[in-house]
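Shown here is one chain on its own, the form predicted on its own, set out as structure tokens.
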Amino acid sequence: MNIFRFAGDMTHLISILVLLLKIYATKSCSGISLKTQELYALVFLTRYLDLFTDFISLYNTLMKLVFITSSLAIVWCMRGDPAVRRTYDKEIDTFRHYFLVLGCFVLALLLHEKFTVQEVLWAFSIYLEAVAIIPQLVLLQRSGNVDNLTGQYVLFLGAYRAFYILNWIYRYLTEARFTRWIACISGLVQTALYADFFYYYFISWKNNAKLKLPA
């Protein structure tokens, strides 16, 4: 554990809390991609299989449980709550996310650190997390205007990955056997996907204007 990883975990947790606030407080999921949320649920379910085999720390276990349960709760609410489901932008959330799942799974079979079920699924979850935000970004571009809570959700989600890049740099410099190259490269790809959003978020904040993404 180091300050960069802790900051990454906290910004990730804040992003989830912001999304839960939007959904449960406003009873609306407008501007939120169900497909991205389903991808994140799949990411956590396949990454944290070690909950059943390894104990690292109480903090580690609690964070894993929080990410799994919160992602499933969001998907359930968007699919199962009648009031929330009516606000889902189904017509513009049409990105074919199953291609991302298939592509990441094939990549995990080809590029992994060890050919075991757990390690292949871990690599799959890392690759999938790198691109899971794509349906969300596509939805926001199609819808044009972005409400404050949705914008903050995506902002904190991107900040989480940026902090994790600093965490990996720190670990590479301080740990003799740090070899998580899959996570490092995937994290860079994931952060790059947020670059355009960060730019327009900064412009809207600077000009005190409503956030709009180009179509």
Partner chain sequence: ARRDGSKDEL
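Numbering follows the first chain given and starts at 1. These numbers were taken from a predicted model, which means no experiment stands behind them.
The next section is about a form of this same protein that is not shown, the form predicted together with the partner chain.
Contact annotation for the candidate site: L157, F202 and K212 all lie away from the partner chain in the predicted bound form (no heavy atom within 4.5 Å). Residues placing heavy atoms within 4.5 Å of the partner chain in the predicted bound form fall in a single listed stretch, namely 49 to 57, out of 29 to 37, 49 to 57, 185 to 193, 147 to 155. By the criterion of a heavy atom within 4.5 Å, K114 is counted among the residues contacting the partner chain in the predicted bound form. For the chain shown alone, Q118 is a contact residue for the partner chain in the predicted bound form, at least one non-hydrogen atom being within 4.5 angstroms. In the predicted bound form, none of the heavy atoms of I68 sits within 4.5 Å of a heavy atom of the partner chain. The partner chain is not shown here, but in the predicted bound form it comes within 4.5 Å of a heavy atom of W168. Shown here without the partner chain, the chain has R5, D9 in 1 to 21 lying with a heavy atom within 4.5 Å of that partner in the predicted bound form.
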